[in-house]
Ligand code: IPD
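This document starts with one chain, in the form predicted on its own, laid out as structure tokens.
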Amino acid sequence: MNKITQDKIYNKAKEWILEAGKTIRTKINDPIEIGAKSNPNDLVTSMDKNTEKYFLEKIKSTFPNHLLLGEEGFGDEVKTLDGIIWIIDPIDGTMNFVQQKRNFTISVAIYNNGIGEIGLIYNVMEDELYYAKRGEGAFKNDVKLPPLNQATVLEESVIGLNHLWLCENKLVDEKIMQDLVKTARGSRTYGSAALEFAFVAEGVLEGYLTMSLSPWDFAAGMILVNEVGGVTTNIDGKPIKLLEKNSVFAGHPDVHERILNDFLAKARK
């Protein structure tokens, strides 16, 4: 993708994500329809659906040859990485949106033949836009984020980690994960994968681990983290498969390597 095309797409994506966020803030206290998808904790609202429909209309009218892969299924049936694909989560952190009215994001990623070109994560209620264009670094509200601090160790790190890792589960030995939490400076969970990716890029978190994410949860965040020198793999240290569900581990390269070798390699069942 050449620079002119990249900038044109980015400018539209930024315009649309800010407009969608403004609509959500305006209607945050309006009555909404709330339903569940795979389980009672997997919520979907009329706002999720309407926001994705908004992006679909904008993308298809402006870039008719582009494809949309969205959480709520209003886009295209994307089976390959060919061409330009928008990967969108209209509200990442729907439970937070419903119960807290904060700590949720809109996540928009644009990939060209499998290469991440543009990533935007909008912390809607805080009006904080994280974004990156490939090769140009990552930004928060037009302030460039510095490269991740090279002198970082696990004992001085805060890790984003869902508390289910610390309970009995099918993936890992919870006792080893408890040792990880004891070794790190601290652990946090925010309830929005995209927000936690943004915090890794910003250096608020040194790592983020999760058991299962869909493409719209991690597609934008991977681009941001990469632009500040971070890495994203699955919990086996293998590359992420962009169009599939993955376990996901993003973080500072040194912390990422330490956790992989000293904890996850031993904890995996």
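When you see a residue number, it is the position in the sequence shown, counting from 1. Worth saying up front: this structure is predicted, and the values here are computed from it rather than measured.
What comes next is about the form predicted in complex with the named molecule, which does not appear here.
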Every residue of T94, A193 and L213 near the named molecule in the predicted bound form, heavy atom within 4.5 Å:
yes
Considering non-hydrogen atoms and a 4.5 Å limit, which listed residue (N112, N162, T152, T183) is close to the named molecule in the predicted bound form?
N162
Please check if E52 has a heavy atom lying within 4.5 Å of any heavy atom of the named molecule in the predicted bound form.
no
Spell out, yes or no, whether the shortest heavy atom distance between D217 and the named molecule in the predicted bound form is within 4.5 Å.
yes
Within a 4.5 Å heavy atom cut-off, is E117 in contact with the named molecule in the predicted bound form?
no
TL;DR on 74 to 82, 185 to 193, 171 to 179, 118 to 126: the one with heavy atoms within 4.5 Å of the named molecule in the predicted bound form is 185 to 193
